[in-house]
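Below, in structure tokens: the form predicted on its own, a single chain.
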């Protein structure tokens, strides 16, 4: 069976950056900034994104392109030792389970965003009851929009690599960037925006060595690139051997970090604008309200204060968030779909609907048991499972895989790789530094 492949480097970069640029960037990063010293967090994050996340990203991309396979198949191919082959397979399967659970709760949040994006339209049309239903937490709304979002994700994945993932990523990513820049341009004209901008861009250098800030920045840099669950490995497996994988990975990291930074230019000033209009953004102890409160209460309250421009800004903002969620969700669903298609020789179209349907069912179980299950699955996957899996990916890339085999793969699109700065640093970095950082993150999470 012939494997799919990205038709161009631009298509790969858009798809991989789309996988990385999700709610963690547009939602998570700005609220982390606001809670961890403003500009100081930005500075530490930018440093760690290239010193930690980029080498780990390259490990997944290089392994994926070398094996031309999913994580369950790829990791055992790196060694001849039976025990390590079994270990690699276990890590790959654990990644499949983790990514399915992540998508199950991700779909719920994304469903809320789509509902909030539709709400301004119903308000404009005078359907007040519909607008109230769309913006009020309820079982019926959560079920309907979780289902709707998963159907969108399944449709894109069922169309394959070039016709599905690549084509839609090349449409959604530019749209996301245009909306983001347009919203920033408008928000910066409003009262108190420049106060927020100063908080965002002016580092408090006394906070830079704060251990909590460093750990938070490290976690954000690692998780924002969708590392540790096989998304980037499977995308790497679809990249042509003619492409310079080092440059392609650098572009993905730049886009991911750049869009997270640009999202902060929207979210942080918006918070201070909301404060100017009398909307509470801090709790009684002076701490920033939680990120879900920010997105679904504070910003909608701000949009209501904007008069006739409010519904338009609300529509664009939640459309932006929905696009960010969708570019990530397709990469999450691709991981288990690719495994079943390749390992069991099944048709992609049917596999996409079956696996997508099973994950939707898991989402609905969470919806019906929301109070105790939602937070639990988020904690288990993002705090514990993902860093452990990321550690094993680095161990296999740095300790199990023969260094010369990795070099030969990199040289396919980069003949002088052996003499490059990347090759002088990356092998020992992914072998020692990345695992150490990930272990520190995991201990901190415990």
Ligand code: TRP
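Numbering follows the first chain given and starts at 1. Worth saying up front: this structure is predicted, and the values here are computed from it rather than measured.
Another form, the form predicted in complex with tryptophan (TRP), is not on view; read the next lines as being about it.
Exercise: residue 331 in contact with tryptophan (TRP) in the predicted complex, heavy atom 4.5 Å = Answer yes; at least one heavy atom of residue 331 falls within 4.5 Å of tryptophan (TRP) in the predicted complex.
request  = Classify residue 102 as contacting or not contacting tryptophan (TRP) in the predicted complex by the rule of any non-hydrogen atom within 4.5 angstroms, answering yes or no.
outcome  = So residue 102 counts as contacting tryptophan (TRP).
message = Although the partner isn't part of this model, could you tell me whether residue 226 comes within 4.5 Å of tryptophan (TRP) in the predicted complex, counting any heavy atom of the residue?
response = Contact check for residue 226: yes, within 4.5 Å of tryptophan (TRP) in the predicted complex.
inquiry  = Would you classify residue 15 as touching tryptophan (TRP) in the predicted complex, given a 4.5 Å non-hydrogen atom cut-off?
reply    = Because no heavy atom of residue 15 falls inside 4.5 Å of tryptophan (TRP) in the predicted complex, the answer is no.
ask   = Ok, 238, 272, 106, 339: which has a heavy atom sitting within 4.5 Å of tryptophan (TRP) in the predicted complex?
value = It is 106 that has a heavy atom within 4.5 Å of the partner.
query = Which listed residue (231, 245, 252, 165) meets the criterion of a heavy atom within 4.5 Å of tryptophan (TRP) in the predicted complex?
reply = Contact with tryptophan (TRP) in the predicted complex is made by 231 alone.
ask   = Where does tryptophan (TRP) sit in the predicted complex: which of 24-32, 408-416, 391-399, 51-59, heavy atoms within 4.5 Å?
value = Partner-contacting stretch among the options: 24-32.
task = May I ask you to list the residues of 372-407 that have any heavy atom within 4.5 angstroms of tryptophan (TRP) in the predicted complex, in sequence order?
result = Sequence-ordered list has one entry, 386.
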